[in-house]
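Quick heads-up: the structure tokens below are two forms of one chain, split into structure 1 and structure 2.
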Structure 1
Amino acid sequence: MRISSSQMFRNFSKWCLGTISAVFIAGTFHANAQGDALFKAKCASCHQTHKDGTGPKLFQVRTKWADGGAKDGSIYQWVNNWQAAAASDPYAQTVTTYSGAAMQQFPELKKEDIDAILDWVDAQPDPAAAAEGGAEGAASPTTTAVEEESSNGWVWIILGVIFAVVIGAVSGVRRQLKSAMADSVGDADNGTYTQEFKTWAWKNRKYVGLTSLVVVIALIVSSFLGLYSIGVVEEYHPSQPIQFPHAVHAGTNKIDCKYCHNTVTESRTAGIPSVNVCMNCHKQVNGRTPEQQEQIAKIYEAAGYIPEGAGKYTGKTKPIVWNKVHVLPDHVYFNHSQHVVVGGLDCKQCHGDMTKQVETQKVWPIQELNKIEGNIVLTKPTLTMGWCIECHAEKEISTGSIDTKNDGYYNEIHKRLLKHGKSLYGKYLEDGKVTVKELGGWECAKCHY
């Protein structure tokens, strides 16, 4: 089939148009990516897109400067050297009064870089407007309310009372019929209920004795199971003064646990973050929904911070009283750094997957901990002695000989075992690893004062 020149021209035009479009789209994507990266590297510590912080919001800031009467190009000079811009432009001078914090200078940013940043900022949707839209949608008449399930316990109580009354009535009728029948044949009275029961029990003494034995054993077992539950605090979830959704901080925002619990590698305790650590982020982030803003306002109150305008500290602080979740007996010693640094345990082994936990914190049940990928599967209830010693029996110090850890402490133990207990060392290595238990992890004094 022969292709005409007009068809060839039309196909060539389509290819050119497609190529130009692809280049334009790629260029736009690159510019957006560049603006995003530059904003996070240069601006995000003081500025937000749609909300005032240490510095004013940057959404449509070029329009704001133009409408305010700023000189042409003054905003670019401001970013490079704000002092020079303030000296040459009256509008730039008024911007210096916004906050007590001085604007940083970025002489390395070219006009194209600044435009890329501001183009990216102007392309960002307003999260507050999205949150309001979501709240309106939630409040719409079409939303189906979830009705709370009512308790049916009272139904079972009434049925139990009716059942007991029926049994009593039937028993009374039976006794009256039996008595009437005895009178009709001239027999003596059958006696009281107690006498009847004794007669029946003696007649069926074999089954009564067996049933009594089973009941006694069941009571003893139930009593011991009740004693074993003392001190088991799985699912313990106390209320807290401020709600802290770990799923948002550790999950969505991927904040490392050690950023807030910064003593976990150096101390016996993991440490509760001070309000100053919270303010590192929440000085800029005050929430998108009324619920979030309510909780973050408590942080501001504790820090003595007023977020309006550029924000300022009043010096009037209020301590946050957190409720302890993982409580060990006074005679138990536990060192976080020993387990995290030396033992190499991940936080999720004991605390669960915090990237998915909405609650502030709770004691996870062992069944839930065992579902987490990478966790050592254990059977004893969380925070019990059996849980600890079972973990010490399963967790390895090293796979193979312990000198592979390249640690002076373990290298010395390796030498002593080879010199004084080579056969014992061989038994340790039969399963391909040396466990905490094999090196004294079950000694009472390791964990108890």
Structure 2
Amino acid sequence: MRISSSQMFRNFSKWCLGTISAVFIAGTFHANAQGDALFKAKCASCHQTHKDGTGPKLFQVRTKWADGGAKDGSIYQWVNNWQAAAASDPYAQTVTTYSGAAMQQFPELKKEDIDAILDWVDAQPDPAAAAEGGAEGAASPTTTAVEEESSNGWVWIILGVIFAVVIGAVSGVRRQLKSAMADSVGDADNGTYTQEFKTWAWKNRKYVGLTSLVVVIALIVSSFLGLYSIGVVEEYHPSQPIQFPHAVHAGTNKIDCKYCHNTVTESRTAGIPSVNVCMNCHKQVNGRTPEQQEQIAKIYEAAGYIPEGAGKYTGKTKPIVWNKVHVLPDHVYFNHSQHVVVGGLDCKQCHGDMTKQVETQKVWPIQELNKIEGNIVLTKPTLTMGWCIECHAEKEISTGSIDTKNDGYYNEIHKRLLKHGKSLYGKYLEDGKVTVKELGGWECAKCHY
């Protein structure tokens, strides 16, 4: 009987240990990965850690700014909005002379995010120095990296300590059992402090057990919730065959979305442009930097085009296989023209501000979508059923006339609703608004096959 319960405790403490290690590893991994991921997602298109490119190298840039006499915190303002920083800090103003290229704005990045990025950058070894035998890079210590990293980490440390205590107690209990058995054989109790603690823990085993159970469950639940809120879909960012930047096309060059996604107002799908659409411009535009040329060469390869000399088509084409970014399950029906034309929604409501998307497209998390001016604020993660439903309950149907090939049906409904308005439909309208929901936007069959 005693042996079996001690066995049970041993298994329990092993299990606890496993859970802690898993949670710890996940926690540390997360803290380290953040700066890395943010840098690659947002900065790497223009910046390298140790080499100047479109933007200057970022290694130890905080120290550089501090030494150069920049105002406190102005480097963070720079990343959020470089124009504002340049206007308010003379040092930041000098930075703008680096090149004709301008830095992108990142209003969504918090100070912690920027520190995480720059910590990560500062922790990178200098590849050139490494090749030369560490002549220069080794001389630069990464002091800031260590202290700031813990801003997230201390939670894990505290949890770890709590766990260590609990495990100590649990394993103490096991030893207590053993020594109780030994006692009966005649061994003396050595009465140390730890022994006292173990006795205490054993006496209060119900509470100790219960507390540890609660902590374990809370941790498991919170890590699951964490996983859920990060979302398998939100921030989904598949790799693409060509590093196509929306910022250059829809932003800098102000090309209309419909030029490339040309079925978006007429059909279910928006469509991804064929290589011929790219060639309309890229027959002439072959890129200025080697990086651009490398990417644009892939368009030529796909189109079977040889740009040398007068330029000619070989006839040997091969499709560019873009990976789908926004993916709904097969059992869901979603229609673009319904939302863009009938509903009068802007693309950025669901896809984010593409004019600032330097990397290839990703699924924007709802928090980022909510920050965009003019967007309806929603709470459920992007592309989930909750997201669709919530907006249908929020968005009032547009009342203007609709101008498409198939506008008769909706124009008719809208007209009737407007004409009779609340008097006729009032009792169906809980909140006095005619939302998509009232039109049937909550009916399962509207969205599900």
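Please read all numbers here as calculations on a predicted model, not as lab measurements. Please note that residue numbering is based on structure 1, beginning with 1 at the start of its sequence. Only the largest set of C-alpha atoms that superpose within 1.5 Å between the two forms is called the rigid core.
- Working note: structure 1 is the copy from the form predicted on its own; the remaining copy is not.
- Once the rigid core is overlaid between the two structures, D115 counts among the residues whose Cα shifts by 2 Å or more.
- Annotation: Cα of I389 displaced by less than 2 Å between the two structures, core superposition.
- K57: CA moves 2 Å or more between the two structures after rigid-core fitting.
- The shift recorded for the CA atom of G68 between the two structures is 54.1 Å, with superposition on the rigid core.
- At T211, the distance the Cα travels between the two structures is 3.3 Å after the core is superposed.
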